[in-house]
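To begin, one chain is listed below as C-alpha cells, in the form predicted alone.
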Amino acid sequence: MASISANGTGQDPVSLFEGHRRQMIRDRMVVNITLLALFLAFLAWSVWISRFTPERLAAGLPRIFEYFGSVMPSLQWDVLFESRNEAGRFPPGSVGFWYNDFWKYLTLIWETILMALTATLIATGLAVILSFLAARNTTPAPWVGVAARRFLEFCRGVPEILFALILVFAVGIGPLAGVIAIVIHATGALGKLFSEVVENASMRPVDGIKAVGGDWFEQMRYGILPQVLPNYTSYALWRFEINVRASAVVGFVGAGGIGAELSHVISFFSDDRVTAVLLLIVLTVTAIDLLSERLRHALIGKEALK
C-alpha cells in the first residue's frame, strides 16, 4: 500500500519541489522575454524618432572633420616661435599669433575654475543638510523626507544651462548667474548621492546617542557624519570636475567664464581661435580630473574604489 506523503496530497515532496522550480523558471523566462521585447521595441522607437541611421551618420561624420579642419591653426615651422615684430605683432603662422589673446584666455579659465569651486563648496554644504533630511533612515518626519527628495529631484532634473538662462535675465550677465545655476543643479545631484550614503550607514552610533538623550542634530553630527565624511569628500571632488565643465557650458548664455569667449569666437570668427580656446579648456579639465582623482584615492583608498 502506497504511503501518504506528509502534505496529505499523496504526491512526493521532491516531485512537488521540482514542479514548483520548473514553474518558477518558466515564469522568469516569460518575464525576461517580455522585458527584452519591450526593450527592443523602445530601442527601435528611439532610433526611428532620432533618425539614428548609418546613412545619416555616414553623411554627417565628414562634416565634423571639415569643421575642425577649418578652425585648425595655420602654423609655419620657419616662424613658429618668432617673437613680436617692430609693430608689436606676432607674424602669421607662429604660436604667438595663434595665442595672441593667451593671457585673456588664462584669466577667463581662472574665472571658470573659481566659479566651479565656489559653486561646489556652496552646493556641498546644502547637499549635506538636505541628505540627512532626504535619507529614509535619518529624516525627522516622513513628509520632510518626501519634500526633500522631491526638491532634490527638481534641482538635478533641470539642466544648468536652463537655470543660467533664467538667472542671466534676473541678475544680469556675469559669473554670478553661472555660479547660482551650478549650485542649484549640483545640490540636487550631490544631495541624492549623499542621502544614499547615509542610508547605508550604521545606525548603532545613532541609537547610542539617542539613548543618552542626544537630539536629532547631535545624532547626525556625531553618529552619521563621521561615517560618511570620506565618501562625501570624494563625491564633492568628483562633482568639482563636472562643475568645471559646466562652468564652461553656462558661459555660452552669458554666465561668465571661458564659455563666453568660446561662444564669441565660434559666432564671429570661426578660425583658429576656436581651437586655441578648446585646447586650453581640454587641458584644464584634464589637469583637474587627474588632480582630483589623486585626492580621492588619498582620502578613501584605492581598495575602496574597486
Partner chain sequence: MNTLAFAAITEADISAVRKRHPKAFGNPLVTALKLGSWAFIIVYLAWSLHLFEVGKLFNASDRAWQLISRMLVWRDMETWQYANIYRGIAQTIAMAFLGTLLGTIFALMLAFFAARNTMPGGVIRHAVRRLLDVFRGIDSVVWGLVFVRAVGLGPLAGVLAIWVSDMGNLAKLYSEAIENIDRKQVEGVRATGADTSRIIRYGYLPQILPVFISLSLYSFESSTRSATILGLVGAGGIGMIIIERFRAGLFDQVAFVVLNVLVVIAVIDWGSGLIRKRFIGERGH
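Superpose the two forms; the largest set of C-alphas matching within 1.5 Å is the rigid core. Numbering follows the first chain given and starts at 1. All values reported here derive from a predicted model rather than from experimental measurement.
The same protein also has a form predicted together with its partner chain, omitted here; what follows describes it.
- For the options L130, I180, A236, A189, the residue carrying a heavy atom within 4.5 angstroms of its partner chain in the predicted bound form is I180.
- Only one segment in the set 192 to 200, 138 to 146, 94 to 102, 155 to 163 has any non-hydrogen atom within 4.5 angstroms of its partner chain in the predicted bound form, and it is 155 to 163.
- Within this chain, N32 lines the site of its partner chain in the predicted bound form, having a heavy atom no more than 4.5 Å away.
- Not displayed here, its partner chain is approached by P175 to within 4.5 Å at the level of heavy atoms in the predicted bound form.
- Taking the partner from the other structure, its partner chain in the predicted bound form has a heavy atom within 4.5 Å of a heavy atom of R56.
- Proximity of I25 to its partner chain in the predicted bound form falls outside the 4.5 Å heavy atom cutoff.
- Shown without its partner, the chain has V31, N32, L35, F39, F42, L43, W45, S46, V47, I49, S50, R51, F52, R56, L57 in segment 26 to 58 as residues with a non-hydrogen atom within 4.5 angstroms of its partner chain in the predicted bound form.
- M24 shows a C-alpha shift of 2 Å or greater between the shown form and the other one [criterion: core-superposed Cα displacement of 2 Å].
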